[in-house]
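Only one chain is included here, represented as structure tokens and corresponding to the form predicted alone.
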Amino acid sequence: MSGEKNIANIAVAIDGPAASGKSTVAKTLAKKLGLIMVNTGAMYRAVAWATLRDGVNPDDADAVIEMLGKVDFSCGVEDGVSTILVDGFYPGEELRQDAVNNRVSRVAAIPEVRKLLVAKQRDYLKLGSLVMEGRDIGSVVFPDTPFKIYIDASEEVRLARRSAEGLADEVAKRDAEDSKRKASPLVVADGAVVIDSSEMNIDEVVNAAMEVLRERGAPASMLDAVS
């Protein structure tokens, strides 16, 4: 099941590669529309962070799966934005450190990790309509939603953005790992509208996303909330 059937709330799915700007777009769009913003990347980073904390090899799938059974990953919402706690602790900026960047794609490739987190992601729709960003939202988490957007940008632009953020992970390597994994690879979901943000600012990308929602028949009550 896709998760959104038989539920009045709607899901806006925003996918894209690393440093495409999808997180900022999703956050801005959710705020404009008064919807819950869910950052699924933070969930996978939390699992990667837990492997660091517990000394678990991210390439040892059995060890990671065993860890999943011992660690409590608690998802919630604070001020309209998703939160993730690991055994009651919020890792905060530690989720963005290079050591986590180097592990997150490897951990995310483990089917059992994705199964656990996808279930938690679908549960968010019970709380209200939402904007969810990640790498498999339109293809796996909510494949039936008509509101699918894929934010892209050139590799050069994305690398520059990553460097400006002080993050040294290799964009091309992340792209390859995310696109070639067997479990829920990064793809442009069927029916998704691709927005190339390479030469656009955030406001322009958000406006383009809003137009997609209008064209796809988003509820007037939702669009009317925009100030």
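What you see is a predicted model; the values in this text were computed from it and never measured. Just count from 1 along the sequence shown to find any residue number.
Same protein, other form: the form predicted together with cytidine-5'-diphosphate, not shown, and the subject of what follows.
Visitor: Within 4.5 angstroms, counting heavy atoms, which one of the listed stretches 98-106, 146-154, 75-83, 123-131 is next to cytidine-5'-diphosphate in the model of the complex?
Guide: Only one stretch qualifies here: 98-106.
Visitor: When the contact criterion is heavy atoms within 4.5 Å, does residue 19 count as touching cytidine-5'-diphosphate in the model of the complex?
Guide: The answer is yes: residue 19 has a heavy atom within 4.5 Å of cytidine-5'-diphosphate.
Visitor: I'd like to know if residue 44 sits close to cytidine-5'-diphosphate in the model of the complex, meaning any non-hydrogen atom pair within 4.5 angstroms.
Guide: Although cytidine-5'-diphosphate is absent here, residue 44 would touch it in the model of the complex, with heavy atoms inside 4.5 Å.
Visitor: Although the partner isn't part of this model, could you tell me whether residue 32 comes within 4.5 Å of cytidine-5'-diphosphate in the model of the complex, counting any heavy atom of the residue?
Guide: Because no heavy atom of residue 32 falls inside 4.5 Å of cytidine-5'-diphosphate in the model of the complex, the answer is no.
Visitor: Find out whether any non-hydrogen atom of residue 53 is located within 4.5 angstroms of cytidine-5'-diphosphate in the model of the complex, and reply yes or no.
Guide: Residue-level check for residue 53: no, no contact with cytidine-5'-diphosphate.
Visitor: Taking cytidine-5'-diphosphate as it sits in the model of the complex, which residues of 121-144 have a non-hydrogen atom within 4.5 Å of it? Please list them.
Guide: Heavy-atom contacts to cytidine-5'-diphosphate in the model of the complex: 133, 134, 135, 136, 137.
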